[in-house]
Each structure stands twice: as C-alpha cells, then as structure tokens.
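Just the one chain here, the form predicted alone, laid out as structure tokens.
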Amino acid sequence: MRNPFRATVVALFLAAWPLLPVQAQKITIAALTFVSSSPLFIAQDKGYYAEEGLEVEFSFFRAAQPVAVAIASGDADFGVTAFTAGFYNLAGQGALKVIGAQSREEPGFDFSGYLVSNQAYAAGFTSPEKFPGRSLGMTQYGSSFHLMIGMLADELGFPLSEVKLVPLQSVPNMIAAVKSGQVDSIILPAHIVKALEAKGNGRIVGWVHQYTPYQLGGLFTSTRNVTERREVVEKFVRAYQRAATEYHEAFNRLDADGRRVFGEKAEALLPIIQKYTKAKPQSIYNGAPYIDPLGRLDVGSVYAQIAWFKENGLVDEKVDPAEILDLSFIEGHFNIPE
C-alpha cells in the first residue's frame, strides 16, 4: 500500500525545492590593495558577488606581473591590475583574455604624477619638458612607469635615450632614491607623490593625464574561463559593474570649474576602501583614479601600448591585441580600431 505520510513529505520537499539555497560558485580574485581596485572591494562588502551566486576569495599581490601569472596558472580566476610588457607577453601566449577596464589616466583626474627630487628641481628640472638629460627611477623595464615615460617622450618629441632609466625593482626603492637624490625623478600614484611633496621630499611637476591620457589597467580572466565558464564570467562582470558605478558616482565627480568633488557617497564608501587598502581618508581622496562606471575599455589605447612595447623590443612581435581582448562581456567599449 502507498504510504500517505511518505507521499506528503515528498510533495512538501518538491514544493520547497525552488526555495532551497543554491550552492555558491567559488572564485578567486587576484589584485593589488590599491584604491584602483576599489570596485572589487565594494562588490564584496556590499554583497554583489553573493547576489550573483559567487563566493569570493581574494589573493593579494604587491606587483602587477604576479597577478597576471596567477590567472594564467589557474591559481586565480579574475585579475585587475596595470598593463605591462610582461602582461601582454603572457596574454599573447593565449592564457589570458582582457574583458574590461580598470583605471585610466583621464583629463581632470590626478592619478600618476611626475615627482622631481629637491636637488633636481633646484637645478632647473621644473616641468616634464626638462626630462632630457635627467634620470628616472622605475621598478623595471617593461613596467607601466617605463611605458609612461616612453609615451611622454613621444608626445614631447625627445628621444627616450636622453632619459637615464634606472630600474630599482620596487616602489619603496623608488621613493628612497628620489628622496636621497640618487635619481632625479619618479612617476607614482597621486597619494604617494602628494604625500612626498607635503613632507618636503620632492616636487610634483606635472601629471600623466595632462600629457598622455591612456588606459592604465584592465580586468581580465583566463581563456579557459571565457570558453568553459562563461556564465561565471558574466556574473562577475555584473557585480563589478554595479560596484564601479557606485565608485563613479562617489569619486568621479567634477564641479563646473573642473575640480573634483567628494560628498556623502564617497564618505559612505571610505570604510570599505580603507578596510582593504589600509589608507587614510585623505590618501584615498588624493589617489582615487578615474574608473569607468561600466568597465569599458579604451581599446585603441591597448593597441597603441602593445605597438610601443613592440617597437622597444619588450613585447613579442607575434602578440596580436585583437586576440587577447574579448569585448563581448561589456557593451560600449570605445576607440575600437577598424
């Protein structure tokens, strides 16, 4: 005979089935604890990943290249960081796909600044036009700093060979070298150069966005994720875009005179950004870059960067920018070469 109690239990279970929690899909995000990574942190603490059914673990690094290596090796699923020659070479091997934008050097938004030592400034190094004959400290050849000085040389029309490039391996070494006068200049984010200038350890002589606006960083994932876990990538992108839009509304505002304006929305996000970056509020305001609210890429800038690195022997000639980009996850990318 049919068991009426069992039948009732089964019926109740089936009725409740849509209400049962779905197991979250676990992902790992590789990033640096910089203000430019803010949308990642906002999405986590405001529950945007969770709402998409994603369980996030962060893996933090101190330089851009290890972030790319973590994605290529499968140790992480998504990464956000600055573009470098090493990144493009790795992506050119087929392991990575750029799917969106991180920060960019945008007119009106002080992000990367040219800082000159006190000694060099006193000797007449008072503007970026005075770089020829001077030295620049940077982390390594092929870094974003190398690209920035290269783009400046092209823009102002002087040979890059006229600038003595000094690889110092780390940002702390760069800071120490310019403070002591061992190098004439460095290029670093606003929160660092503004703090150095405030303490009398150098002089800001200009900003990268004033001379060479460009797409500084990107959002990327593994080629395997694009082909085998497209739904997960779409979920991640949606959460990132929600957070990037909040960041945009809080930190990308300009007044009628082109000055940056921070209000209640920025104050509300400060605790989240401080939690991950360990930065003080004023440092966050000083160092908040422009981040596109939808993660849209300046695609032409990526093409131009790869071309520059190739011309200087830092990226393999076989690297094709069209092959390392997947523009299908985000609508509205701009400056797309024909």
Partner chain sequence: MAEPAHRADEPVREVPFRGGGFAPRRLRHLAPPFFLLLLLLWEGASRAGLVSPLALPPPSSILTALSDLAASGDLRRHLEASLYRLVAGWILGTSAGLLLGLLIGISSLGRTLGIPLVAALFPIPKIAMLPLFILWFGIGEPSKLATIALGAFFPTVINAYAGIDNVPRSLVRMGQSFGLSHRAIVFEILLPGALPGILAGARISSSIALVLLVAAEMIGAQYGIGALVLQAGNLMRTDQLMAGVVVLSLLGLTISALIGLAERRLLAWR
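Predicted, not measured: the structure shown is a model, and the values here were computed from it. Residue numbers count along the first chain shown, from 1.
Only in words, not in the display: the form predicted together with its partner chain, which the text now covers.
(message) Counting heavy atoms only and using a 4.5 Å cut-off, do 24, 27 and 227 all touch its partner chain in the predicted bound form?
(response) None of them does, since no heavy atom lies within 4.5 Å of the partner.
(message) Please tell me which of 74, 132, 167, 108 lies within 4.5 Å of its partner chain in the predicted bound form, judged by heavy atoms.
(response) Partner contact (heavy atom, 4.5 Å) among the options: 167.
(message) Which residue, 113, 100, 128, 142, is the contact with its partner chain in the predicted bound form, using a 4.5 Å heavy atom cutoff?
(response) By the 4.5 Å criterion, the partner-contacting residue is 142.
(request) Just one of 211-219, 169-177, 252-260, 238-246 has residues with a heavy atom within 4.5 Å of its partner chain in the predicted bound form, so point it out. (result) Of the options given, it is 169-177.
(request) Consider residue 65 of the chain shown here, and say whether it contacts its partner chain in the predicted bound form, taking contact as heavy atoms within 4.5 Å. (result) It does: once its partner chain is placed as it appears in the predicted bound form, residue 65 has a heavy atom within 4.5 Å of it.
(message) Is it the case that residue 294, even though its partner is missing from this view, gets within 4.5 Å of its partner chain in the predicted bound form, heavy atoms only?
(response) Residue 294: no contact with its partner chain in the predicted bound form.
(message) residue 189 versus its partner chain, in the predicted bound form: is there a non-hydrogen atom within 4.5 Å?
(response) Taking the distances in the predicted bound form, the answer for residue 189 is no, it never comes within 4.5 Å of its partner chain.
(request) Check whether residue 82 has any heavy atom within 4.5 Å of a heavy atom of its partner chain in the predicted bound form, and answer yes or no. (result) So residue 82 does not count as contacting its partner chain.
(message) Under the 4.5 Å heavy atom criterion, name the residues of 85-116 that approach its partner chain in the predicted bound form, in sequence order.
(response) Stretch hits, in order: 85, 86, 89, 90, 93.
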